[in-house]
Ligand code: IPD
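The form predicted alone is given below as one chain in structure tokens.
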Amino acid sequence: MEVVPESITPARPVPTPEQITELRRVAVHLAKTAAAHVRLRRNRFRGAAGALRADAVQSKSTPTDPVTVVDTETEELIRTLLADLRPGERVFGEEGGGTVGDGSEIVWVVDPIDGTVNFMYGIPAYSVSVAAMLDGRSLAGAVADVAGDQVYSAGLGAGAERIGADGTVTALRCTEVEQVSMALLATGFGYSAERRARQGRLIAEVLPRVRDIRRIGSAALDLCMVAAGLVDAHYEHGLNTWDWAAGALIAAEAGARLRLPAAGTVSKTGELVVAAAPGIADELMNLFDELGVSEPVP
């Protein structure tokens, strides 16, 4: 059964198409500019073996949950650009904090580097995610694949597309897969040992029922890969709003069906995020219900 979350159910009049187009334009500009900064700064802090130098990395919630000086710099850059481009609008960011607001104003939801561990090690799967939300609903969003030098974007009701490194624009659509047994799933894991152990047990139940599972390391990119037909579905417990605010909209505008927590829900509650190609959405959601995957993993 498809679950339409409150976070994408209109509760207020939808802004005009022109307003959504402008929000999308700004989101793309911010993501592209920030991605260029991330690429430049990674070279500055890269060690001899390719990984980041130790002096560029700190821990957050656990020793396995890192933040780099580039994460902090990049969010500060986005906040500065927004202050010029959209003065008076608030920012809810992974590093600088904030809230999704009371529903009366645009809030920009920012993840300066999604996939920080990949970024640290030089694995080419990390992204910048920027979304404009109103009343807990994403209106526009962009996710920049930093290493791939391409940007995914969407506007509510306006479709999703990918802009390649050469400027080529490609409309995005989910795959036409119709059986979960033939589906390639993407997923991710939390930072605490307890959550990982539970997620591992659930994967052991899911894996025999699907084609295969991939762990890319950036939820925002996973959601864009659903939109682009590079995987058939993504599921993960314990994402923060900034992890999915842009990517979920991009997936939905490419035809995916979603299961999302309410905007503002924090990682520690362990709620499930799903984006699935439409041909397998019902079967996959039912499978998750059957196996207990739909339950939170705090």
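Computed from a predicted model, the values in this text were never measured in an experiment. The first residue of the shown sequence is 1; numbering continues from there.
This protein has a second form, the form predicted together with D-MYO-inositol-1-phosphate (IPD), left out of what is shown; the following refers to that one.
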For D-MYO-inositol-1-phosphate (IPD) in the model of the complex, the stretch among 130-138, 188-196, 144-152, 168-176 with residues bearing a heavy atom within 4.5 Å is 188-196
Assert contact residue (D-MYO-inositol-1-phosphate (IPD), in the model of the complex, non-hydrogen atom within 4.5 Å, options L239, V70, A35, A254) equals L239
Is there a heavy atom of T74 no more than 4.5 Å from a heavy atom of D-MYO-inositol-1-phosphate (IPD) in the model of the complex? no
- Message: Even though the partner isn't displayed, in the model of the complex is G217 close enough to D-MYO-inositol-1-phosphate (IPD), meaning a heavy atom within 4.5 Å?
- Response: yes
Residue-level question: is V226 within 4.5 Å of D-MYO-inositol-1-phosphate (IPD) in the model of the complex, judged on heavy atoms? no
Original post:
At the 4.5 Å heavy atom threshold, is D243 in contact with D-MYO-inositol-1-phosphate (IPD) in the model of the complex?
Top reply: yes
In sequence order, the residues of 81-95 that place a heavy atom within 4.5 Å of D-MYO-inositol-1-phosphate (IPD) in the model of the complex are E94
